[in-house]
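Single chain ahead, by itself, as structure tokens, in the form predicted on its own.
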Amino acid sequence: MTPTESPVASITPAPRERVRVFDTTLRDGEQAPGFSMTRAQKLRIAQALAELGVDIVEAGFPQASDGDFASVQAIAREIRSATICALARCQRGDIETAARALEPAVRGRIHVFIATSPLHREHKLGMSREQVVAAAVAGVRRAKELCDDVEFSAEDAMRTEPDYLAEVFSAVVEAGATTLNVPDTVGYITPAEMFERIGFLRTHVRGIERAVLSVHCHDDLGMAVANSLAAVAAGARQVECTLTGIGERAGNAALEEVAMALKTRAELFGVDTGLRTPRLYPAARLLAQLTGQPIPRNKAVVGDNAFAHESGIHQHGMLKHRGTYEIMRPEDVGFARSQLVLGKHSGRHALRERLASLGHTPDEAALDQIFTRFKSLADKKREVFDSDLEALALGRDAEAQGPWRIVHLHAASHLGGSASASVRLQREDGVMASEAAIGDGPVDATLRAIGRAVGQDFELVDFQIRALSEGGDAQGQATLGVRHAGRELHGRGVSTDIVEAAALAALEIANRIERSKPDKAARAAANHA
């Protein structure tokens, strides 16, 4: 060491302890009403989880159905970077079926379970304490004969007598279990109780040093994530969770919330997950698209509002320093950037910033006029979009944007083939333009046809549909994101027909591009000069 070298700088920081992430989106999550998936969809989610860096993917319950067996087997065959887990009751047939489904896996895990609480023992199982211990031990031993990696779950563990729970866990560790899962099956426990219970088990389970303690928390009282974090603080080193918290009843602990809490408060927990967190938002979006269940706007970490700010005070702070109102970087979870949403609560600073990003830099007097009209418009609309702002900056009526409008639209899908669309547009000067196109679906075909009609080339990068009301005649809002000339532009359209809504969104983008061009007279004058 040189005389000037700091002794502290030469010390390598001790590595943080690893918390394993056990994802059960495809098992517990898929059991929730509205979240059923096909085998192909399950495989896509499993691939997304592997890309995210999840340690264990619980692929399903093979004994439940032939479809579940096939899904687990397909995932075991295709996913090579994560441990693939299959659930089984402490019954010989379940366990052997799970082992067969896991045969193609590079790393497999059999997850056996039996209920241990007095309520379940009496009313569901009709078994004594001794019978439950015997069944648990027999199940773990049979699983161990077929797979080196065996997890045991004591269903309804948090309503089980602590001494008896420790007795069951001690017995299954002796039988060969390598992971001991402590489920809060009905979301009953509180964080303080969870912390105490994990500490009790670490002290009273014989052979606990040979196993990993895990928790599986449900959200019936809204504390699944808090309970999972309390367990980690007490020494649990595996957390079972699901993307966006889907699962039975109120759901499970949300993977993205647990992951970002451990990362954001690393100084408090002192652990790492090993997850590639920028993959969180794409994985959550994929789940929403495949299941047709949208992510709530106010969902922590991955909701559209997670990094969106409308209040003028918040926006002003964000423009000065993002740390004023954000504890995470949006890029760290997969968002492109924070979003300053313009609405009736927004101020001049955010308006000026957004106008500048759109290429408009009005002086103070002009900004005053735009701001006055912006506030008037914001009182009528829930959110003011970029197209509205451009219209205000150009002195146009934000409610009557052009120059193109749709005169005719026809789109058709062909089973087993491509889709087609034809459009006829009229410009405000009377010029008509008609085009047709084929695409991967009616929306893609419509977008291509509109692009050809107006002479623009834009690439679809995002498409979302959201119902604005309920019933068969409900209106849907289509949101399109396209890339044009190196810029990403967004448009929105509303209709009871989702293809028409998408066409209106595409037309909004086309009109924005058209309005951004210098007018012909100005170009001619410039050329003449």
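One-based numbering along the sequence shown. Not measured: the values here are computed from a predicted model.
Not pictured, yet referred to below: the form predicted together with a small molecule.
- Distance criterion of 4.5 Å from any heavy atom to the small molecule in the predicted bound form singles out 153 from the list 273, 73, 153, 238.
- Residue 218 is the only one of 109, 142, 197, 218 with a heavy atom lying within 4.5 Å of the small molecule in the predicted bound form.
- Per the 4.5 Å heavy atom criterion, the small molecule in the predicted bound form is contacted by stretch 182-190, the sole one of 430-438, 182-190, 128-136, 223-231.
- Though the partner is left out of this view, residue 30 does not reach within 4.5 Å of the small molecule in the predicted bound form, counting heavy atoms only.
- Contact annotation for residue 389: none of its heavy atoms lies within 4.5 Å of the small molecule in the predicted bound form.
- Residue 404 falls outside the set of residues with a heavy atom inside 4.5 Å of the small molecule in the predicted bound form.
- Looking at residue 87, you'd find a heavy atom of it within 4.5 angstroms of the small molecule in the predicted bound form.
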